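Next up is one chain by itself, shown in structure tokens, the form predicted on its own.
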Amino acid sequence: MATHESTVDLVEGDVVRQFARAAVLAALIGVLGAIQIPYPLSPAPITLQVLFVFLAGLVLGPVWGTASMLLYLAAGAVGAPVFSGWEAGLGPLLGQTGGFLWSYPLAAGLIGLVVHRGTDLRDPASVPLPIVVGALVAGTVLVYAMGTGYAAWLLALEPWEAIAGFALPFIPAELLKMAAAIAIVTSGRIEPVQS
């Protein structure tokens, strides 16, 4: 009997480290993002999910930040209770707030591209504050455009009704999440990973 030997190329340490960070961030958004605060001004609750979208783009960059959010969505789709209110499955992805969920990978990618100026990572703490703020605002606009647009389509709402119900009430919370994300990345507690 003949045996066949082959070699296996090891995965580079940076790839393993970035994947681990993406998995941790996906787990954090699943655990903390699933906690919701009912909000009487909107059918959507207040959660910390967008904070983790911000951190995915800022810390992991456009590639791994997007991968982290896709991992989060995949975990929820296959049954892990990671969506708002500890929900799981395809229902939340197709329900009235599904547009928000689908926007997360795109927003993380956009924030990462703006802050890191491409796919090569740099320390977000060294990026000028106006660029970071601009990236977070652009990501927020994308999240709310997709979220309110999908809700308007699904629920047959007028655009102003969707904006009034699914976007405007959350502006103060999003400003606080932006400030928190900036404080976290400028604190020096997160070690940047160079790609």
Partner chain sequence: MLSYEPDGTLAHRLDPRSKLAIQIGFAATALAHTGLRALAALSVVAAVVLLVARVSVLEALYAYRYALVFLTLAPLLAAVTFGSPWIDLEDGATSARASYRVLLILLVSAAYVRSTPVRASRAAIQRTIPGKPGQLLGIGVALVFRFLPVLQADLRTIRDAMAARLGDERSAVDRASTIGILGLSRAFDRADRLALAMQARCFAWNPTLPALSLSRLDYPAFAVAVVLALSAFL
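All values reported here derive from a predicted model rather than from experimental measurement. Residue numbers count along the first chain shown, from 1.
Same protein, other form: the form predicted in complex with its partner chain, not shown, and the subject of what follows.
S.K.: Test of understanding: in the model of the complex, would G118 fall inside 4.5 Å of its partner chain by heavy atoms?
M.R.: Contact with its partner chain, no.
S.K.: Heavy atoms within 4.5 Å of its partner chain in the model of the complex: does P92 have any?
M.R.: Taking the distances in the model of the complex, the answer for P92 is yes, it comes within 4.5 Å of its partner chain.
S.K.: How about V82: is it within 4.5 Å of its partner chain in the model of the complex, going by heavy atoms?
M.R.: V82: contacts its partner chain in the model of the complex.
S.K.: Consider G165 of the chain shown here, and say whether it contacts its partner chain in the model of the complex, taking contact as heavy atoms within 4.5 Å.
M.R.: G165: yes, in contact with its partner chain in the model of the complex.
S.K.: Can you name the residues of 119-156 that have a heavy atom within 4.5 Å of its partner chain in the model of the complex?
M.R.: If the 4.5 Å heavy-atom criterion is applied to its partner chain in the model of the complex, 119-156 yields Y150, W153, L154, L155, A156.
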